[in-house]
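Listed next as structure tokens is one chain, alone, in the form predicted alone.
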Amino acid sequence: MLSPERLSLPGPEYLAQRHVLTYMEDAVSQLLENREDISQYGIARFFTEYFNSVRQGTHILFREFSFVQATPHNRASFLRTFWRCFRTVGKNGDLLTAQEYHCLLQLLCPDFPMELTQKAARIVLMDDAMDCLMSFSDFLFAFQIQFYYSEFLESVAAIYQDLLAGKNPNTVIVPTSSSGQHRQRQPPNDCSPLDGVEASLFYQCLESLCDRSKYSCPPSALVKEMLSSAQRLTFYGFLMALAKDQGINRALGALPDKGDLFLDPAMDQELEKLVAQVSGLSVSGPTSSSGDTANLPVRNSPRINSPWKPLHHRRKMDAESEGSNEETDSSEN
């Protein structure tokens, strides 16, 4: 059933808003790279499985970072996948360092940049103590804000620094790409003698930023409500407030509320099925009264189907894994 939004927008505008061309280009690229393998089961099936994986959010698994962060849907899918895969870390009460959380991120995206992990850790720690331990929930909600709104936060950092210096924030350049090829700013210093900036003026600048930004921004009404009770605030205080605000979390829609963070009935049901299948392999079949088991039928191992994954990415992962021992050894020295 078509949504009213789909019918109210011109075709090209709707396609651009939903990043349909991004997925079409990626699908065609994979089709051409694997045309010999795909020809065995047909192009129609390939496109069906590809867009089913996009809809389900599994299309970002083991993909390069440039693709993972290419669209808001990809970012939300990556956040949801990270939560579902590693929520037991928080459920068990384990505390990890930024480096350890980064290793978990790299299990899903091998070239995930350490810089983003460090920025998320600073929201929690508010300093450069990267060896400090963090809970899964604290890191996850901070990482969500830093990862999903990365371009927005770069502009916010520039606005904050200009306000501290008494400059006109309207001269701030909004990033036009996530490649880092825009004007670089030094991280704002929370130890300012002014103890941050005036909250109302800061919000006015953020509202203007959201109006002209081409990238994802938190809902301005929620940001205004969040800042309404503060007179002054620091940059990292603002980031921490974003990370803790459940209204912004619900608006983003990738993660559950903090109280339900360790609940995932659908995943638990799938895990129970897998455990039951694996356990069934080790259970001996019933024996006859005579003790003769020679005539029992042979039980075949159940096949567990995995989600479709492009063949060339499997080859890429295999090639990278050949040198993994050397990388591990060098990191330990």
Partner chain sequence: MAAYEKRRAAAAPAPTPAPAAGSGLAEPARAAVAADGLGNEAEFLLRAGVTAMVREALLKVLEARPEEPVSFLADYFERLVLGSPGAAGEAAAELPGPPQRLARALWYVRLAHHSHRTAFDSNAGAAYEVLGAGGRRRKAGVDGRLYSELLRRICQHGGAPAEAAAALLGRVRCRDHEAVPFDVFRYGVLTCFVLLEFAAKADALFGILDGGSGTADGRVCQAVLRALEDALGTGHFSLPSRYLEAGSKLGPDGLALAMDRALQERKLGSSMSREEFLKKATALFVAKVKPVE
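C-alpha atoms forming the largest set that superposes within 1.5 Å between two forms make up the rigid core. Quick caveat: nothing in here was measured; it's all calculated off a predicted structure. Positions refer to the first chain, counted from 1.
Same protein, other form: the form predicted in complex with its partner chain, not shown, and the subject of what follows.
The stretch from 116-124, 102-110, 201-209, 155-163 that comes within 4.5 Å of its partner chain in the predicted bound form, counting heavy atoms only, is 102-110. Interface residue remark: Asn52 is counted as part of the site for its partner chain in the predicted bound form, having a heavy atom within 4.5 Å. Residue contact with its partner chain in the predicted bound form: Gln69 places no heavy atom within 4.5 Å of it. Though the partner is left out of this view, Leu32 does reach within 4.5 Å of its partner chain in the predicted bound form, counting heavy atoms only. When its partner chain is considered in the predicted bound form, Val28 lines it closely, a heavy atom lying within 4.5 Å. Not one of Leu227, Phe262 and Asp268 comes within 4.5 Å of its partner chain in the predicted bound form, counting any heavy atom. Residues of 34-54 lying near its partner chain in the predicted bound form, listed in sequence order, are Asn34, Arg35, Glu36, Asp37, Tyr41, Ile43, Ala44, Arg45, Phe46, Phe47, Thr48, Glu49, Tyr50, Phe51, Asn52, Ser53, Val54, the criterion being any heavy atom within 4.5 Å. With the core held fixed, the Cα of Glu25 is displaced between this form and the one not shown by less than 2 Å.
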